[in-house]
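Quick heads-up: it's one chain on its own, the form predicted alone, in structure tokens.
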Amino acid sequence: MTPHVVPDPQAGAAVKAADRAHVFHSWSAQGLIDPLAVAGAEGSYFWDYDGNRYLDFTSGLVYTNIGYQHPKVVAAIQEQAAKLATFAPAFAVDVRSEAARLIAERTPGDLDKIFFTNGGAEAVENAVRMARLHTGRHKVLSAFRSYHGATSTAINLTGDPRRWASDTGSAGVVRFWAPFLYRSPFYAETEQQECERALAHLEDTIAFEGPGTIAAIILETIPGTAGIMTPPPGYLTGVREICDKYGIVFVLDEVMAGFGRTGKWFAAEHFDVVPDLMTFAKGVNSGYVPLGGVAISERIAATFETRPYPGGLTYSGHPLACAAAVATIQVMEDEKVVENAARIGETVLGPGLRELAERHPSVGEVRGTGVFWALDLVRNKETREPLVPYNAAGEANAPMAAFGAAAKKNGLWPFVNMNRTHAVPACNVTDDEVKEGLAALDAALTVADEHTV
């Protein structure tokens, strides 16, 4: 249970004033934003200084997989700080080794070596570097509907519009269309057609780019920010086979989908596929201390057995972050958090979202698994025209802005991106909390319905 929220508007005003004076925010026009001053958080909820409490259907940025302020993880961080708060990455440290062991036990196949980073973007940077050095090739293929991070290589691999301002560093990056039946670029009518045509398109792209120039193909196992589009059966297996055929390194980005989010430890388990490299972050320690990494196959790791790997980070495997990871994984095991995510998706969240879609003309499609869902909002269910144009801003984005405001008014903090809202609560969310969120979504969708035709 969250504590009783005591309003303190004066303190909130001071926090807001300091923020506006000194904090430079991500992805924002600094003078046009109005960040909420947060007073506290616990479990699936957070609250502001005015006493308003919100059910967080964003899990932060889809990373608080065990919710806010889990006492066992907070205690582990405190204990580690008292024992050994920090130490350089070149040394063997007990908590670092234990975090790597626990992660390697859960990754698929032979992904048994762990290179720690500070987050997901750095994980992608290093995975691509490893692939290029392993193959001696330079090109990397990535999907248009994707997000891989905001550092130099990662942002250029990203498919969404946030990369546009940084496209000057795109040498060696080739984009392709991954499958997405609801908005198929291949005019497919069935999942099988979408899969076959997407694989043919990918192999054609490889042929015309030159197989001997391509180091890696990187895919989000289930794309997150781009829309939670679960690939059709056979697609990832097909990509694995294509990579093997041409000697290309297969990289799966599980930064958002990993650590229970999809109802499995890793989303790759849903498709029985093992990549050569897998990136992770976010849910590995519920975001309590920044941590990410690359899980490395035996074949890739062997490349650097006697050849130095030219990469590293001052805070790689930071003891506080690793202590949080060890405690988080233990909590997920002890409290059956992964199993809860699977059950919630199958019996409460998935059915509840599909029921909303039946009643609301603004909901074009519901897709997802576990606690990883998206509602594709449309102006017209027949034409599938998005509720707002691609990358809409200002007045063009008014319908989605109104939807988001309505959700917050009803005590729900929504994940809104372009014409979608994502339902991504904590993996240990309760049935009652999901039902509360569904009721708030129901009310907010009536606002979106006003913009349908």
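On a predicted model such as this, the values are computed, not experimentally measured, just so you know. Numbers for residues come from their place in the sequence shown, where the first is 1.
Below: the form predicted together with a small molecule, not depicted.
Participant: Since only the chain is shown here, I'm wondering whether G120 would be in contact with the small molecule in the predicted bound form (any heavy atom pair within 4.5 Å).
Facilitator: Although the small molecule is absent here, G120 would touch it in the predicted bound form, with heavy atoms inside 4.5 Å.
Participant: If you check in the predicted bound form, is T107 within 4.5 Å of the small molecule, heavy atoms only?
Facilitator: Flag for T107 set to no.
Participant: For D276, is any heavy atom within 4.5 Å of the small molecule in the predicted bound form, or not?
Facilitator: Looking in the predicted bound form, residue contacts with the small molecule do not include D276, since no heavy atom lies within 4.5 Å.
Participant: Taking the shortest heavy atom distance, is R261 within 4.5 Å of the small molecule in the predicted bound form?
Facilitator: It does not: once the small molecule is placed as it appears in the predicted bound form, R261 has no heavy atom within 4.5 Å of it.
Participant: State the residue from P319, G227, G364, G149 whose non-hydrogen atoms include one within 4.5 Å of the small molecule in the predicted bound form.
Facilitator: Filtering the options by heavy-atom distance leaves G149.
Participant: Among the candidate residues A324, M256, A127, L157, which is the single one with a non-hydrogen atom no more than 4.5 Å from the small molecule in the predicted bound form?
Facilitator: Going through each option in turn, the one that passes is M256.
Participant: Exactly one stretch in 140 to 148, 301 to 309, 200 to 208, 268 to 276 has heavy atoms within 4.5 Å of the small molecule in the predicted bound form; which is it?
Facilitator: In the other structure, the partner sits against 140 to 148.
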